[in-house]
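A single chain, nothing else alongside it, follows as structure tokens in the form predicted alone.
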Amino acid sequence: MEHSGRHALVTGGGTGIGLAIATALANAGAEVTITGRRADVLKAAAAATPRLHPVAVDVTDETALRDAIARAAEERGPVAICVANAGIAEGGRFRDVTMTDWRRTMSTNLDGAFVTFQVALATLGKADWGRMIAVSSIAGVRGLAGAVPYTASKHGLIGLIRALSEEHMGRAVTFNALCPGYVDTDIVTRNAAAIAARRGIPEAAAAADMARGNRHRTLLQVDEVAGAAMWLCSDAARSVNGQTIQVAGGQVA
């Protein structure tokens, strides 16, 4: 129970990578606040795992997000572990991207992480232990064709992490980014369906194409990303700071 007595926060914690990380932290003894837009999904996740605490909030709503994190800290203590995982992945040709599309991606993937980290850090004292993790993507370390806003937002997350690690250097708080490749989650399933419709191919073929985006040509499983997150939260990773940890089946960049 390595994290017994600690409060963790995982945004986008009701499904996929977020839920896998939240569950692993809860199983390690942490009290874990999970956020997301769908209250029913969060409640179902919390019902399945002790020590998960659901809070329905949209990370694009700054006031609501700040209030939700502050209330969670009042109830469960300072946010010692913060995983900014909430995000969206939408594709399309650059010429067709509207400013609305751009802002929707940035406000979710980057602005939401900015607010999440800012409020979480404010709950910690100067000498407090902490682990701050952003779930970026391989799109954060290289460009992805047909996903310009997504790629830019994930690069931005890495910049945010690197800047925070420098600003808080010397504290017992680390800042790192996880950069998964294509993971077998609902997002990949939805994107495979969209690609299949756009290209006129079977969904299985579209999913296989996405799997080939990983160096070992296999879709990742959520436990692989959760395992990397748990290592970053461990004492063994206390000197790992400002890093991009790639989980993609091989060298990416």
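As the structure is a computational prediction, the values presented were derived from the model and not from experiment. Residue indices: 1-based, along the sequence shown.
Keep in mind that the form predicted in complex with a small molecule is missing from the display, and what follows is about it.
J.: Looking at 223, 67, 186, 203, which is the one with a non-hydrogen atom within 4.5 Å of the small molecule in the predicted bound form?
T.: Filtering the options by heavy-atom distance leaves 186.
J.: Wondering, does residue 57 line up within 4.5 Å of the small molecule in the predicted bound form on heavy atoms?
T.: Within the cut-off, so yes.
J.: With heavy atoms only and a cut-off of 4.5 Å, decide whether residue 25 touches the small molecule in the predicted bound form.
T.: Although the small molecule is absent here, residue 25 would stay clear of it in the predicted bound form, with no heavy atoms inside 4.5 Å.
J.: Residue-level question: is residue 16 within 4.5 Å of the small molecule in the predicted bound form, judged on heavy atoms?
T.: Within the cut-off, so yes.
J.: Give a yes or no for residue 137: in the predicted bound form, does one of its heavy atoms lie within 4.5 Å of a heavy atom belonging to the small molecule?
T.: Looking in the predicted bound form, residue contacts with the small molecule include residue 137, since a heavy atom lies within 4.5 Å.
J.: State yes only if every one of 8, 117 and 162 has a non-hydrogen atom within 4.5 Å of the small molecule in the predicted bound form; otherwise state no.
T.: Contact check failed for every one of 8, 117 and 162.
J.: Going by heavy atoms within 4.5 Å, which of 150-158, 120-128, 94-102, 167-175 lines up against the small molecule in the predicted bound form?
T.: Selected stretch: 150-158.
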